[in-house]
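Shown below, as structure tokens, is a lone chain in the form predicted alone; questions about how it binds or moves come after it.
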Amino acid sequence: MKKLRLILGDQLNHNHSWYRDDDADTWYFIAEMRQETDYARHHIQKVVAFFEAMAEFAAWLKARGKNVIHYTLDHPDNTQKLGTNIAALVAKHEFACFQYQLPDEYRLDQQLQQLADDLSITTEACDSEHFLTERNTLSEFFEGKKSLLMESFYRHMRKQHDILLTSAGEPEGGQWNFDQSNRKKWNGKPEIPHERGFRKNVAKTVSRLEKGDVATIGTIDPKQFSWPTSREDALAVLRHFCSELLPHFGDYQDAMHDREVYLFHSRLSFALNSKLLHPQEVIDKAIEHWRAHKSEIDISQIEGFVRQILGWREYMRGIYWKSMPGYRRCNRLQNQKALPDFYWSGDTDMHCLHHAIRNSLDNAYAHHIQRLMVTGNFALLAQVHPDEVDAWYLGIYIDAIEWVEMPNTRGMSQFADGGLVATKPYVSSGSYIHKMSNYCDSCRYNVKERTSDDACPFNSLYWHFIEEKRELLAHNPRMSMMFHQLDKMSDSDRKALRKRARAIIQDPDKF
């Protein structure tokens, strides 16, 4: 039976069981499409990374004798839409069966279900064979429970997959979570190894985007592209992380510095989210290296890394599939403001925001604390509508695919789901940013002042948020200390904080 198999841009799994099939009547379809470049305004490095990875994957399949149909953006038969491309191929080549791997975005899941209904041939869906959980694993785990605490899920995953456990089934190192050890500020030592880059020339792909007038954000050097877009490159980045970065990853995973782009972070998220790497192999390789170098690498380093992949990554995917499609409309804190213009340029005197945004625009990258406690923190304090925050995060980061971006943004960052993911809003004054970075050292604003013209904007915004959202957060026990501190302030102090915060919220681009 002549089959057509669809491979999406984030389904580049070299070890999928599909590719053990040597059936000469099986064809694989990979396509660059305006449908995917245009549903959000993406960073140019993100689009280039996916297109380059798709081309390399198509070449890998062809080298193994597979029948491959690869549409570039300018291919004459490319209709730029998934449904019409598939329908045209089915008619042209008289395929009798259409097969696809379950997509990880709700919109594509719905589109492919509709396409399957519309086609007059047999259609079959299979798993992408990537995640360590099924779509409904998290829902089943938390069924009947009052809260969806990530820590509970993480411990369950450690036990289920026998990861970092003693022979007695207890956590190695005597505790499940070493997060308290993962909060050091980096002050220049230890030295950070140079990132594992590749300096690829991607000028042809960039030219294709320009000729097609694809609207993108951010910058790119077409002759110096350094993200991994093949399995070989992804494995090289993994090896580099284990040997060079893992020894200090946990200590400084929350640190920020204005002279460093990546610090000790792995830069594996694109390779994972495009499925060039499997999470199990990443975890196994890191643990293997740690075990071979236990005398040099504290357990807090490896546990912090495992928690991000085995815990947060699988947890966020579960939250997404449990909560969609309603999750995309969550706005429990009733925020309505527009995203400041400086999110698209970095043109602000607030040094932390300037650096985090410029880093994002220049590299399609910022690590989780820059996203959560700088750009996300300000957006929440400035009462920006979560739709606008969602669109920005989805577009600007190379690893942003909706299943992982949306619960991190709406849930963890913006508290728009009312506490489904986070146990409290992740907001702070400038003191947290000062504690974890050197940003405040060269900022025109004074992190220790709250209401003067030179005061750090985060300070008044923070207390204004506590006061403004008090009714909506009154039943959250983790907010009681902040409410108590607010109540101890004098009326004049609270009035001055409100005045300063409202001026910032009214026109944040002045600051």
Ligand SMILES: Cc1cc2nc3c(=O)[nH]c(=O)nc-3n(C[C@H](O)[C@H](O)[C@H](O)COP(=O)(O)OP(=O)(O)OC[C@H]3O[C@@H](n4cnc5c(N)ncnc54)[C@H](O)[C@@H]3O)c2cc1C
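No experiment lies behind these values; they were computed from the predicted model shown. One-based numbering along the sequence shown.
Missing here is the form predicted in complex with the named molecule; even so, the following discussion is about that form.
J.: Taking 466, 489 and 494 together, does each of them reach the named molecule in the model of the complex with some heavy atom inside 4.5 Å?
T.: Negative, none of the three is within 4.5 Å.
J.: Looking at the partner-bound form in the model of the complex, is residue 229 within 4.5 Å of the named molecule by any heavy atom?
T.: Residue 229 lies outside the contact set for the named molecule.
J.: Residue-level question: is residue 363 within 4.5 Å of the named molecule in the model of the complex, judged on heavy atoms?
T.: No, no contact at 4.5 Å.
J.: With the partner left out of view, is residue 382 within 4.5 angstroms of the named molecule in the model of the complex by any non-hydrogen atom?
T.: Outside the cut-off, so no.
J.: How about residue 248 - does it come within 4.5 Å of the named molecule in the model of the complex, if we only consider non-hydrogen atoms?
T.: No.
J.: Identify which of 85, 269, 133, 101 has a heavy atom within 4.5 Å of the named molecule in the model of the complex; exactly one of them does.
T.: Among 85, 269, 133, 101, a heavy atom within 4.5 Å of the named molecule in the model of the complex occurs only for 269.
J.: Could you tell me which one of 321, 290, 178, 393 places a heavy atom within 4.5 Å of the named molecule in the model of the complex?
T.: Exactly one residue meets the criterion: 393.
J.: Looking at 108-116, 307-315, 215-223, 71-79, which one sits within 4.5 Å of the named molecule in the model of the complex if you count heavy atoms only?
T.: Among the candidates, contact is made by 307-315.
J.: Which residues in 372-401 have a heavy atom within 4.5 Å of the named molecule in the model of the complex?
T.: Result: 372, 393, 399, 400, 401.
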